[in-house]
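Just one chain is shown here, as structure tokens, and it is the form predicted on its own.
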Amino acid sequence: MTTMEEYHSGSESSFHSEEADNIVKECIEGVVGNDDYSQSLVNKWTAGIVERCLTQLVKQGKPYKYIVTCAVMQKTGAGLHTANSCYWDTTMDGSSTVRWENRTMYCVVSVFAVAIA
């Protein structure tokens, strides 16, 4: 059985935003693909993206609790501003935000990883 000290002893278990970014991009592309924006599909897309991201992040087997958020917005020329703030242990916890777009929409996904102590 692995103890938490063993998990925290190396960089293997630390949060790497680059890995999370790649997972998120793959999940968005797997769910949305080349589809054009469709209001009737947004709920399905957002649910699919967050569920797929969570599944892939948990499969890494790292000692984290994850929070994933997703926003999909049609490209209409309107502005979209997002912000996140976290109070946590910056040596172990981390976050990542990915902005993905195609010709008809934006998708913004944030991942928050909180180390299990």
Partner chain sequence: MDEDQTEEETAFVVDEVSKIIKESVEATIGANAYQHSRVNQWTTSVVEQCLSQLSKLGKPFKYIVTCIIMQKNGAGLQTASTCFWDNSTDGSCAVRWENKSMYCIVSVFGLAI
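Predicted, not measured: the structure shown is a model, and the values here were computed from it. Residue numbers count along the first chain shown, from 1.
The following text describes the form predicted in complex with the partner chain, which does not appear among the structures shown.
*Asks:* Can any non-hydrogen atom of E51 be found within 4.5 angstroms of the partner chain in the model of the complex?
*Replies:* Yes, contact at 4.5 Å.
*Asks:* Evaluate E26 for contact with the partner chain in the model of the complex, applying a 4.5 angstroms cut-off between non-hydrogen atoms, and reply yes or no.
*Replies:* The answer is no: E26 has no heavy atom within 4.5 Å of the partner chain.
*Asks:* Would D93 count as a contact of the partner chain in the model of the complex, using a 4.5 angstroms cut-off between non-hydrogen atoms?
*Replies:* Yes, D93 is a contact residue.
*Asks:* Can you work out whether V31 and the partner chain are in contact in the model of the complex, taking contact to mean some heavy atom pair no more than 4.5 Å apart?
*Replies:* No, V31 stays farther than 4.5 Å from the partner chain in the model of the complex.
*Asks:* Since the partner is left out here, which residues of 60 to 89 would have a heavy atom within 4.5 Å of the partner chain in the model of the complex?
*Replies:* Read in sequence order, the residues that approach the partner chain (within 4.5 Å, in the model of the complex) are Y64, K65, Y66, I67, V68, T69, C70, A71, V72, M73, Q74, T76, G77, A78, G79, L80, H81, T82, A83, N84, S85, C86, Y87, W88, D89.
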